[in-house]
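First structure 1, then structure 2: two forms of the same chain, each alone, as structure tokens.
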Structure 1
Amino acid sequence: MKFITYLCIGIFFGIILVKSEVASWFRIYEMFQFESIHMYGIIGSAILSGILIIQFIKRLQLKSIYGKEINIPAKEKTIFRYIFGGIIFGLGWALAGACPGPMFALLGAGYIPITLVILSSILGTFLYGLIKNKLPH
């Protein structure tokens, strides 16, 4: 049952990623050229809706369907890892035109070359794990 729930949430997300075109390399490029509202509108309205949803959950102290409290774990309060890690991520996002959600939607949509991006992003994650203690966080 849980399996089906997670699968359905994923299917819903995958359909959105394709139909909203956020999985399109062209849209990412256009965003970084500031030549359309499209991506900003999507991210902005997603965040705005998300803020409302989370405030709603917090104010009403809503619980998950399993009766547990809903909370989003706070991220550690440092700066280096977010700015350096963020910049590295952004470089890759613009080059490959895909982030970790859309790359899987593109695989399903049948774009075989995205396999290279998926495999190398797994390798990139592995490399981080290898040298993480040498990096400023």
Structure 2
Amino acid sequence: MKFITYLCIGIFFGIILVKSEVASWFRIYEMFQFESIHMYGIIGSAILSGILIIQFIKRLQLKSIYGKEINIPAKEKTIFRYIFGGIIFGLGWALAGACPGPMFALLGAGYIPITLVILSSILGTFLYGLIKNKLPH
């Protein structure tokens, strides 16, 4: 039953991504060319709502639907890893024309060439898992 619930939520989220043009290659191109505020507005509102929701969860000490305490661990304060990771993520996003969430929405919308990007991202994640213990974290 949980699978069906998660599948429905995922389909709904995918529809929102496609209809709001977050999955649009043209909108992503506009963003990286600094020609439109569309994507920056969406990303900014996601960051703001994420900050507010996390603070709400922490201050009210909310519990999950299973009754367990929601524990959000503090992040390390190192800047280099976030800048370096952000640059790699941004380059991949610019080259592929999609970030991880919209990739699956694009596949669901019938853009079959995105399959290559999805398979490449899965391979990259697998390779990172193999060498992560050797990297300077």
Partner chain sequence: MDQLYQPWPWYISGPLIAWVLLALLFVGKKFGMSSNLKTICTICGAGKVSSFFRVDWKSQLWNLVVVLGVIIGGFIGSTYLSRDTSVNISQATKDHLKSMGITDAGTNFLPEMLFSNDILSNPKACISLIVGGLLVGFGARYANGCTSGHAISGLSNLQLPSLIAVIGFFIGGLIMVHLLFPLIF
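Throughout, rigid core stands for the largest set of C-alpha atoms superposing within 1.5 Å between the two forms. Given the structure is predicted, the values throughout are model-derived calculations rather than measurements. FYI, numbering is relative to structure 1, first residue = 1.
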Between structure 1 and structure 2, the form predicted in complex with its partner chain: 1
Using a rigid core superposition, assess whether I57 undergoes a CA shift of 2 Å or more between structures 1 and 2. yes
When the rigid core is used for the superposition, does R81 move between structures 1 and 2 (threshold: C-alpha shift of 2 Å or more)? yes
Answer yes if the Cα of A94 shifts by 2 angstroms or more between structures 1 and 2 on a rigid-core superposition, and no otherwise. no
How much does the C-alpha of E69 shift between structures 1 and 2, in angstrom, given a rigid core superposition? 4.1
Taking the rigid core as the frame of reference, how far in Å is the Cα of L48 displaced between structures 1 and 2? 2.9
